[in-house]
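In the block that follows, a single chain appears as structure tokens, in the form predicted alone.
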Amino acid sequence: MRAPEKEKKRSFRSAKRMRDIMTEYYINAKTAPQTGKKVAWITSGGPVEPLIVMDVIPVYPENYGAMIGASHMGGDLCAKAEAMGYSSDLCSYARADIACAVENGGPIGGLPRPDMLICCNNICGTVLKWYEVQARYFGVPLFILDTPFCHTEFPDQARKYVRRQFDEYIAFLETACGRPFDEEKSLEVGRLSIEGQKLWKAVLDATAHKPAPITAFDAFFFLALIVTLRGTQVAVDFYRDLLQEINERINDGVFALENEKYRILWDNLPIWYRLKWLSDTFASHGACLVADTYTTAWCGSMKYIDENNFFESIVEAYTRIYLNIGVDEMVKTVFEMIDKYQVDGLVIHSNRSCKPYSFGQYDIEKMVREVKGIPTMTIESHMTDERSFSESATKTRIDAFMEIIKARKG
């Protein structure tokens, strides 16, 4: 088979469908004022299911930050935010989003104007001030869901505290939408949310196959729907078809790398503006990024969900996500992934934009080397601001890292 035909076969037919779905989603959000729907900006770790129940269109500034980074607009927009007085140490998602709102720029001409903002601090503390800034700018109501940090367990007082806030969240939505919460519809949304998460987990689990039929770079791309449209039939149907396509590739012997030699685990958010370069650089060494700690966040807390009591059990699931637990709990997850995917090395993205994700990484790195005995390396950057990235320095580190793995593997 000629090389171009091989590459064509390795491309996913599901990719076009996902782009079509996301295009329709943004059109619906942009035209919401004409259709009578409301738009809510919500943090990526926030509970979206109540919005779906209330027929509110959820929009994610963090998803948009990824689009900005992939479009190579992050450096310019972050610089504009800095000119407005925001520190360069601030999250590049926040800087880019704040500048976009004022400039009305960025991909797709900026995000649709929100009718309300929903902020959950289970991912970081920056979102609190970021969403306060945007709520003032747009003059819309803001709801904040405060999730206590869970170093190890989820104590009963924390459960009661967060549970009360979910009641307040629903009351907030009823006021904003002018109608009562549909309890019957919530059962269906909960069922679809669980089914979508199970399918997403199965997609990620497929990389346990050797060779891997899909990479973490593919997962970064296909992640969008489980974040944006979780709790909908659209997301369930898409991931069911994607999983079928992945299984077909395994049966047909079509794998992510033609000659997979080494398997790598990635920690932290992607570097959106260098995804292809990173993929090609690792692939040149025969290395496949088979898993990551980032995309698993949208199915990792599923173990806390009771399918028969969805809206009660998500109180724990949304509190005990990966970024809201202690380092000892985080490293357990990393150890499990090392074993599950049989990885040969760990790449840590020391992400200056995401401090909760990056704090503790050196402890995790040390424990991985001592307990699992595999090589590790660190890449430093911001996930959206390309001004922070050095291609030459990163390539030197990757080359040295891969030489260590090759020497160990013989």
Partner chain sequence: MEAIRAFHHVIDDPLKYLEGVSLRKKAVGYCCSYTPEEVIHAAGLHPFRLFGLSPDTGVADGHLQSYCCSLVRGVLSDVLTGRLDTLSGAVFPHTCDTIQRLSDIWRMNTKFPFFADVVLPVKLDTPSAREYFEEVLAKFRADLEKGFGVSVTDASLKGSIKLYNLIRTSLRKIFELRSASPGLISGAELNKVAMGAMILERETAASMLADLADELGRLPAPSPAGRKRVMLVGSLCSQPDIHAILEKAGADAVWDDLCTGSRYFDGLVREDGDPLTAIAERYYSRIICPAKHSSLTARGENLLKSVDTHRVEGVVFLMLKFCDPHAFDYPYLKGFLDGRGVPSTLLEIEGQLPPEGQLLTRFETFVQML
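Positions refer to the first chain, counted from 1. Since the structure is predicted, the reported quantities are computational estimates derived from the model, not experimental observations.
Omitted from view is the form predicted together with its partner chain, to which the following refers.
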> Quick one: is Asp55 in contact with its partner chain in the model of the complex, heavy atoms, 4.5 Å cut-off?
Replying inline: no
> If you check in the model of the complex, is Gly360 within 4.5 Å of its partner chain, heavy atoms only?
Replying inline: yes
>> in the model of the complex, does Trp272 come within 4.5 Å of its partner chain, counting heavy atoms only?
In response: no
>> I'd like to check something about Val39: if you look in the model of the complex, is any of its heavy atoms closer than or equal to 4.5 Å to a heavy atom of its partner chain?
In response: no
> Here the chain is shown alone; which of Lys340, Arg240, His151, Lys210 has a heavy atom within 4.5 Å of its partner chain in the model of the complex?
Replying inline: His151
> Taking its partner chain in the model of the complex as the reference, which of Ala297, Ala256, Ala158, Cys177 has a non-hydrogen atom within 4.5 Å?
Replying inline: Ala158
> Looking at 282-290, 82-90, 307-315, 177-185, which one sits within 4.5 Å of its partner chain in the model of the complex if you count heavy atoms only?
Replying inline: 82-90
> Judged by heavy atom distances of 4.5 Å or less, which residues of 324-362 approach its partner chain in the model of the complex?
Replying inline: Ile325, Gly326, Val327, Asp328, Met330, Ser350, Asn351, Arg352, Lys355, Pro356, Ser358, Phe359, Gly360, Gln361, Tyr362
